[in-house]
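This document opens with one chain alone, in structure tokens, the form predicted alone.
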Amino acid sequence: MARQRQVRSAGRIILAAAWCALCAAPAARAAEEGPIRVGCSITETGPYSPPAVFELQGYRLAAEEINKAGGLLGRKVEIVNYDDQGNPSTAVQLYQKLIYSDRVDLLLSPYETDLMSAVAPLVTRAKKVMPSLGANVDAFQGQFPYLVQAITETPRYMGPAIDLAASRGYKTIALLIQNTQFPQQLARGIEQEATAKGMRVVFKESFPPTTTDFSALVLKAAEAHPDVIVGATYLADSEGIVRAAKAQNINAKMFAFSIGPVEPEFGRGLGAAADGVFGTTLYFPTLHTAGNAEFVAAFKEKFERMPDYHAAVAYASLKVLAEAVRKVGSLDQDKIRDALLAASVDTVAGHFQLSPTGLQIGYTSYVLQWQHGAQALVWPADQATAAPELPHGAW
């Protein structure tokens, strides 16, 4: 009798297990047939948000176009993003959530090198591929094998601006540097470029990222009588330096900054004081790059503004990642990484190509200038939409 009860009990367990398996199968199929979830954190609030929001819009437009073309591996692409507020520790927490709680299928990059550096060890431990929009070269020397650089590397970022200055016979530079990772590495690249062009850095000083009053710093720089004042900066500090220079009637022959002049907010914030100021950009709407005219039209229609380089490199990074997934035919992270390392792709941001350790060796940079309240591409000459206006006039 006991033996019969054991048999009946075992039978019920087997039936229950079979029923659970049958119930689980549709759920598993639904998961496989559901959207491919692509996760990132983006600085949607705080002082670094203007360029970061451009990146998020680039990601979203790329996802929309991928879906209109039939999706990826027969599935829709869905962007899952959170606001990291420009805080590295918050970014780490959010990527932990994306990887281990949300269990996203693919990763995209946060904005800004400090955040990318903070999440790099976590992404590597999880063995998740991430096309990175961090421009510094340190993370792409082999220690983070699942990161690939999807933006022009920092040391080459300001090269064309130095080239333009040298072409006008300018010899001396004052270098103002925000004390964070990207500007510090950028400053070293500027010094190398200047030396190669026969120019000298006659003044160099770093300032905290919390600086709001640049009067004393600009006065000290002016005492060296530089031909060119260069800022390794972001948006807020580049605006602050220009305001201080105007207020104190500091005149150099050329003013050039990273990041700030690229953003529309630079012109809106400074008004006429923006005119004559140069910035380096990794992209411009008039470039004859692959698919650029269509990208500009689609971006303008969707977001009611022109794309900047942050939008373009983000858009291109998701398109290149999607192409790598298609090529391998799965979400196998090792295979996707290998496909990216082997990629040689023309994008709206230029030619995407990587070194064996994932360093970007294809993309380049350009020089824009604010002229009469608008941005114009002015260097190199074969890509320019207007001639550079030099020297800088009176404020």
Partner chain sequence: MASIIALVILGLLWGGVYLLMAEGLNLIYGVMKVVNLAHGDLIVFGGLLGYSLFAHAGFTPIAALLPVALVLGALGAVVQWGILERIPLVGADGELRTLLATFGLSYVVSNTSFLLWGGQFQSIPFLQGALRLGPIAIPEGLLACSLAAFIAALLVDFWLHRTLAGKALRATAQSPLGAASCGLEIRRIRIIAFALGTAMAGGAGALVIALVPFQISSGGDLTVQSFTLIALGGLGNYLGAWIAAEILGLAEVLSQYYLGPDIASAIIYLLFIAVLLFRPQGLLGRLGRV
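Predicted model, so just to flag it, every value in this text is computed and none were measured. Positions refer to the first chain, counted from 1.
Below, we turn to the form predicted together with the partner chain, even though it does not appear here.
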{"query": "Lys220, Ala236 and Glu263 all contacting the partner chain in the model of the complex, non-hydrogen atom within 4.5 Å", "finding": "yes"}
{"query": "One residue of Leu282, Ala118, Ala273, Ala290 in contact with the partner chain, assessed in the model of the complex (non-hydrogen atom, 4.5 angstroms)", "finding": "Ala273"}
{"query": "Among the candidates Ala216, Ala196, Ala224, Ala297, the residue which, in the model of the complex, approaches the partner chain to within 4.5 Å (heavy atoms)", "finding": "Ala216"}
{"query": "Contact label in the model of the complex: Arg268 to the partner chain, heavy atom within 4.5 Å", "finding": "yes"}
{"query": "Interface membership of Glu205, the partner chain in the model of the complex, 4.5 Å heavy atom rule", "finding": "yes"}
{"query": "Contact of Asn179 with the partner chain in the model of the complex (heavy atom, 4.5 Å)", "finding": "yes"}
{"query": "Heavy atom of Met306 within 4.5 Å of the partner chain in the model of the complex", "finding": "no"}
{"query": "Which of 71 to 79, 245 to 253, 152 to 160, 166 to 174 lines the interface with the partner chain in the model of the complex (heavy atom within 4.5 Å)", "finding": "245 to 253"}
{"query": "In the model of the complex, residues of 342 to 369 near the partner chain [heavy atom within 4.5 Å]", "finding": "none"}
